[in-house]
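Given as structure tokens, the chain that follows is alone and in the form predicted on its own.
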Amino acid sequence: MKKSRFAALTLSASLLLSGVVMMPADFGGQATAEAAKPGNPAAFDQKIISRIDAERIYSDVRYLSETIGPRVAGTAEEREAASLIRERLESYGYQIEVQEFSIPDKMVGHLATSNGDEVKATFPSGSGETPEEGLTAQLYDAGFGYPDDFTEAAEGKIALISRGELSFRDKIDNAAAAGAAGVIIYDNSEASGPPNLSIGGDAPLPVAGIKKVSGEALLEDVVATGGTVTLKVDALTGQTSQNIIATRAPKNVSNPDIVHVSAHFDSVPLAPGASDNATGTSTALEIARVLKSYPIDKEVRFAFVGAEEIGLVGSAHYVSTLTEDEVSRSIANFNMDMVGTAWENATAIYMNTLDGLPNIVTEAALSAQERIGTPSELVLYKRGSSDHVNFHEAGIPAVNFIRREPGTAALEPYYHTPQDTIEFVSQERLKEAGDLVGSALYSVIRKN
């Protein structure tokens, strides 16, 4: 997931969907005889929600985030997650395709003071590299990194810059113009981990991101004493990621419509990625299990994609492999990202579309909510920054389901930090996401 801000539009399900049967969220066993009749939409919903197993979803979230841990694109951990997903889907009887693709070079490195103390840091894609032995230099306090924050004394030093007021790239370019040898940007909030910097392409200097407390310590212990640090940044080249595509085609249907269900399984560095996005991955796996044998008249493809966190690379690759005929037959994309956070403020499920307009997916979700009575407000919102973007740009109606705070559209405070752990995942909200998306999906693909 990546951040941006757009205006929100809350849809009134009661106005759009008047006359739809209302059922309580836990109506299993309590449905009226009328609602349980074959052919009634509520009866089809019951086939889904009675089988969605929240404990199974939660267990998968735990395994992905705690046993495997951070699943950074191109790493062994990301490959381990892909293997788990593939094996599970094979056991359900799906036709499996593994798509391997190249990813941009990844930067790795370390930062240490002259007395040998390691400073936890991130190294953004596009950072310049240091010599093999690293860059050892004094630090220069460059404030927020404005041009006026630099003097001749910055030349040859590593600029220590506070986050805020200017873009990361402006800070870096100003440091380079002043003759600095490198840049360290420290956070301006009390986040539990160093920031993951997006610097907009290749930078002229090596760059690292560190926590606020680390930056303040360097100001006090290194800058003030004239000490040095050693910054080392190297590029890992030739790396790959992969997508796992599970397909189930309807019987005796020629050239069926196609519905895509997507979730990314990678995470950012240092973050266990429980909410982002073991929750979406595990919920999609559970929906795939439930739908493995029900009659359908449309083709369903579960696309578990890698390398989302470095620019939606996996979903872009998947969509690029679709033929013109497949795109023309594709009628929907249900994308799940961060659907199970326990953050108490995230009481709404946002339905993000790139154009802010409703489509077949939002309509199916609103209808399902009316029938099964899920408690969370559904909000239609104009926003990209997840894998639904690539489907939309190919002309496929797409929605990203994600939990946010209503009104502000804020994400949980653990987002992209080492605190993104199972502790902050709600089993009840995983169940709600599985019920809602599963019912909406089945209403689109089921055989009538």
Ligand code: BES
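In case it trips you up, residue 1 is the first one in the sequence shown, and so on. Nothing here was measured: the structure is a model prediction, and the numbers come from that model.
Just so it is clear, the following notes concern the form predicted together with the ligand, a form of the same protein that is not shown.
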- [ ] Indicate whether H264 is a 4.5 Å heavy atom neighbour of the ligand in the predicted complex.
- [x] yes
Open item on the list: Does any part of L312 reach within 4.5 Å of the ligand in the predicted complex? Heavy atoms only, please.
Closed with: yes
Task: Exercise: V305 in contact with the ligand in the predicted complex, heavy atom 4.5 Å - done: no
Open item on the list: Although the partner isn't part of this model, could you tell me whether M338 comes within 4.5 Å of the ligand in the predicted complex, counting any heavy atom of the residue?
Closed with: yes
Open item on the list: Can you confirm whether R62, E78 and A278, the three residues that make up this candidate site, all sit within 4.5 Å of the ligand in the predicted complex, judged by heavy atoms?
Closed with: no
TODO: Go through N40, S385, Q46, Q419 and name the one with a heavy atom inside 4.5 Å of the ligand in the predicted complex.
DONE: S385
- [ ] Identify, from the list N174, N352, S127, S241, the residue with a heavy atom within 4.5 Å of the ligand in the predicted complex.
- [x] N352
- [ ] Could you tell me which of 46-54, 66-74, 391-399, 404-412 sits within 4.5 Å of the ligand in the predicted complex, going by non-hydrogen atoms?
- [x] 404-412
